[in-house]
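Given as structure tokens, the chain that follows is alone and in the form predicted on its own.
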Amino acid sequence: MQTDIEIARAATLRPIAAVAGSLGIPDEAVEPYGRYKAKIALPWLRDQEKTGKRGKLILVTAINPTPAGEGKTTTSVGLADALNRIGRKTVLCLREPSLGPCFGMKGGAAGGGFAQVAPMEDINLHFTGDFHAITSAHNLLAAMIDNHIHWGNALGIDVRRVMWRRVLDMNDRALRDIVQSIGGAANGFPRESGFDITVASEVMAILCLSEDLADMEARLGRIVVAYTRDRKPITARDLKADGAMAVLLSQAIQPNLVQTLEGNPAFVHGGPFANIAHGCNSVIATRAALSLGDYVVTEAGFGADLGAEKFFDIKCRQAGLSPEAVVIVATVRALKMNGGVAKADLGKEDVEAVRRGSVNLIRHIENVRQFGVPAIVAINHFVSDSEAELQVLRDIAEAHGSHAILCRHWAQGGAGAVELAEAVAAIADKGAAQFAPLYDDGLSLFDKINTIATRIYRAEEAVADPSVRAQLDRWEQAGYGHLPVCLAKTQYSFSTDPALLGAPTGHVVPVREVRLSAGAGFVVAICGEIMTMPGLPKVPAAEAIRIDAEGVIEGLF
């Protein structure tokens, strides 16, 4: 069996100018990065949006992830290819992979089999340098904070209340908590700090949620980095860092155009994780796609309890987007794991385990319905699936107001997802979605957190220490109470316990910390034991990644 990277290398790709031309993008708006990837100029895209053309937006999400695999990105690619096969002009919008997971658990994140975006190695590695630019802009601000304090601290920053940590696009648990500036007076004032992974940076969120360059610079200026002794907020604009940060990001904010293995256009831009950030690709890329295509397929990270909820409540709310349909990806294997089957036994038929584990899928169907958007289930096919197991899954979806369609896009590309494409197009064309966010802006910040915990996670309640509640109250008094909330929690469960699979109820969601992302426009609530700087697994994917004597990369998959 061919690996993903072997399949990708065997594909014949179109020159990127031809891909752009298929969307009507002129050569002068295309900034090539080699033969098969390019950035698209923002002024041309802004003029294109003024035409008023707006395609139909389709979100791909999934059940909670398991080691068995679900295939959300693979399904997004397969669906976009299939829609183009049936004559629907479709543009794909994905997030950029982070180096952390590529060298940690995943080994790659550009889809799989014959449903991939290309050039695969470039996308999985440095791509067009967007993440490096975000890392540099974030850490420039950190350096300017420490430099300001060192040279007299005219703003009166309380060194105990510097909130801005540094970032790195790599999994490194040793950097989660550090002591910095040791070694004497010339190195500044020693204090505790730490690193987050780049995808968790507020700068990443700002790039992904900004409408244009001016909006991005304004948002960067609103970042709250520290407080004075009397709790007055200090912003990036106060430090005069926003202009230089915007310069570092001026190329990164332009969306990246690539293609699927079938030559269809794909914008791959931005890449926050949905377990610790808002988990969606950039607003600029999505709006560009909507102005260029009749249909747009996009994804949101991890399960629908995280990615879809944040897509609806943060991205759609801020950008004025209204999705027409949702695809929930599920696999028989993953549902069997939710039903108690060990990974080693997933190849054995177990109809009852599928039935037990399907409570996870049912919960996601019910949750998506709360947002007023119709949902369809895509069964990502594995060769070990039995017909009896597949039928149980179909029956359960039908019984809960949805429809499950078997998809073979991994093995067959777009041809394996044509039935899904026809069903999705039929739903989108009806225009029956009555989209609305889960909560109103006017709710208190903690009530917003509690609403997500009780209505999406089905917890008994969210709980927080008095100090956390007091911080939320202070932000409300400072004028931030209207912001949406971004809950950071484990992706593996509806609860904050990664081992609690299925569809738990009655649990408690503990909020251990809250962070204000004033520039991005939301408040982050960190729940349970989730880390904003992941660690590498016992056997990281990096151990198998190498380059041979011919310069060919091996080990990405």
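Heads up: residue numbers just count along the shown sequence, starting at 1. All of these numbers come straight from a predicted model, not from anything done at the bench.
Beyond the structure shown, there is the form predicted together with a further copy of the same chain, which is absent from this document and is the topic of what follows.
No member of the trio Leu13, Gly87 and Arg356 reaches a further copy of the same chain in the predicted bound form with any non-hydrogen atom inside 4.5 Å. Stretch 234 to 242 is the answer when you ask which of 71 to 79, 234 to 242, 439 to 447, 280 to 288 has residues with heavy atoms within 4.5 Å of a further copy of the same chain in the predicted bound form. Taking Asn139, Asn275, Asn367, Ser402 one by one, only a single residue has any non-hydrogen atom within 4.5 Å of a further copy of the same chain in the predicted bound form, and it is Asn139. The partner is absent here, but in the predicted bound form a heavy atom of Ala133, alone among Ala133, Val373, Ala462, Met120, sits within 4.5 Å of a further copy of the same chain. A residue is said to contact a partner when one of its heavy atoms sits within 4.5 Å of a partner heavy atom; Asp177 meets this definition for a further copy of the same chain in the predicted bound form.
Within this chain, Ala388 is remote from the site of a further copy of the same chain in the predicted bound form, having no heavy atom within 4.5 Å. Looking at Leu500, you'd find every heavy atom of it more than 4.5 angstroms from a further copy of the same chain in the predicted bound form. Using a 4.5 angstroms threshold between heavy atoms, Arg46 counts as touching a further copy of the same chain in the predicted bound form. Heavy atoms closer than or equal to 4.5 Å to a further copy of the same chain in the predicted bound form belong, across 167 to 196, to the residues Leu168, Met170, Asn171, Asp172, Arg173, Ala174, Leu175, Arg176, Asp177, Ile178, Val179, Gln180, Ser181, Ile182, Gly183, Ala186, Asn187, Gly188, Glu192, Phe195, ordered by sequence position.
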